[in-house]
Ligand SMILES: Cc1cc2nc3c(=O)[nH]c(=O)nc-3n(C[C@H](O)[C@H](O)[C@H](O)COP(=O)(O)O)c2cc1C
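The chain that follows stands alone, in the form predicted alone, written as structure tokens.
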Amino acid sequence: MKTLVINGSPKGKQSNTYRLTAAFLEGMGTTEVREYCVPRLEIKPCRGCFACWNKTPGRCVHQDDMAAVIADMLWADVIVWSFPLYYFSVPGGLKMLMDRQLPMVQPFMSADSASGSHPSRYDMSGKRHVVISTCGFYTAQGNYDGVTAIFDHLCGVDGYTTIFCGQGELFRVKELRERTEEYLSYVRAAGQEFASGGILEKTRMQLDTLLYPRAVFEAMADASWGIAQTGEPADETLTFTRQMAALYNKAAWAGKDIVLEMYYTDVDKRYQILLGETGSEVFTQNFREPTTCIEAPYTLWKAIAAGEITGQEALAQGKYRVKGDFSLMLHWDRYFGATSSKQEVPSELRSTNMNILLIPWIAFWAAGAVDGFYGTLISFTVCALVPLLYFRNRKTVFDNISALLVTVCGILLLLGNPQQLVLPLSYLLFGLMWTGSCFRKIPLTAHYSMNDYGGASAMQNPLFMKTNRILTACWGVLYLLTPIWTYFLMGTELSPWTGAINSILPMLMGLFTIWFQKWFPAKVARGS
């Protein structure tokens, strides 16, 4: 498919709009592409002499680059018009190029249009047009009337495909790339679908979804100029703080206001962000008692924003300190993370569930201690039913190992081996599974606790991984010791109650886990 790209942005391939255009072309998969950057062409304005109609039909009096553009328009199967919105229309240079298309039509009147038109000098019936544009408003809706009016006449009302995207300036902001890359993935999908026939309705809805809510975008846009409403220059650190505050997701408000204090240690600047039910507010004076205080160099914040280092890595390396309530840091993405338009969660992104791991073991320990035969049948039944939970949860390798080990222990009981040996053995196998995972890249508890800390992205957090490695080791030691007293309990009249007795220490360990998950990261963050 031969494709011609007419790039009307003065910034050329560095423009925000061209990022969408490049993604669309990538999706199309076309290899025959010719491009023109309009501001770099020599295209003189139309003189309105109509010589191309009556003196030199089809040929303009100007000898410039427009002749090559027209030749490639005739060559192309698809013409992609790429430009930013300029004052509710196309950039001036692109409008001049459009004016110079006059040699492509004949002077005679045509009845094809209710308002009047001129017939084409060439057969353009098989050509397809795509109009891609970004603007600086929060939405494209209502801002492209002037553009569509032009292309309705140029290509026909239904003769072109559009991708109009508001909030275009966000595509140059590195710290927002998670959201903008998501949008670009929809543009790639649109390109692929266009090449196959047409953009699907689902993709069209994704393309029309706002990158950020209006209030968030407009607050970020206002802060990005680096000036106050009075026109006076704003401090760079204050601009950065205001942009951060604009990203606050008020849906994360948990019934109590948070006062986040930002102290930039290298420039000795201090601000506060109030995170409330109705939104955020930045204070430069009259400070309140902070809930959480982050002490970090401003240069570090810029490095994090540029993607040179993650906040979690910087914290693990002791590059900044956090005082006060650390829970805000544990759920940072919930308060300041990029919003997503995704509605469906693929199965590989569904949450893990530790109950899937524990239920077979609990059934075996509780029922197997009472009756070896029937207890084993109960545990087998549970193992058979547990996979039903996979429809809503993602299983881990440890879920599979657990089901296998419980089945092996059950078979040992059915073969007549004494409960006093098999039950302690089951605890030993369980403890070995936990302890052995400490030597894996991802320890056992991390597979399940990640659900509360940003999902799979938590695996890239060194502090999260260290916390979970310690906890996994603690649980492993507990279950390596459990077989000892279990063996002796099985030889007493307390044997039927072994499962219940062995539930007490795990309950205490569970409480310890809840405490440690908060205490240890906060300890590291304080620089202790």
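Treat the numbers as computed from the prediction; the structure is a model and nothing was measured. Start at 1 and count along the sequence shown; that's the residue number.
The form predicted in complex with the ligand exists for this protein as well; it is not shown, and the discussion that follows is about that form.
Note on the partner interface in the model of the complex: the residue among 373, 88, 122, 75 having a heavy atom within 4.5 angstroms of the ligand is 88. For the options 211, 294, 258, 135, the one in contact with the ligand in the model of the complex, meaning a heavy atom within 4.5 Å, is 135.
Not displayed here, the ligand is kept clear of residue 410 by more than 4.5 Å at the level of heavy atoms in the model of the complex. Proximity of residue 172 to the ligand in the model of the complex: non-hydrogen atoms within 4.5 Å are present. For the chain shown alone, residue 360 is not a contact residue for the ligand in the model of the complex, no non-hydrogen atom being within 4.5 angstroms. Not displayed here, the ligand is kept clear of residue 518 by more than 4.5 Å at the level of heavy atoms in the model of the complex. Note on the interface: of 135 to 143, 183 to 191, 377 to 385, 361 to 369, the segment with non-hydrogen atoms within 4.5 angstroms of the ligand in the model of the complex is 135 to 143.
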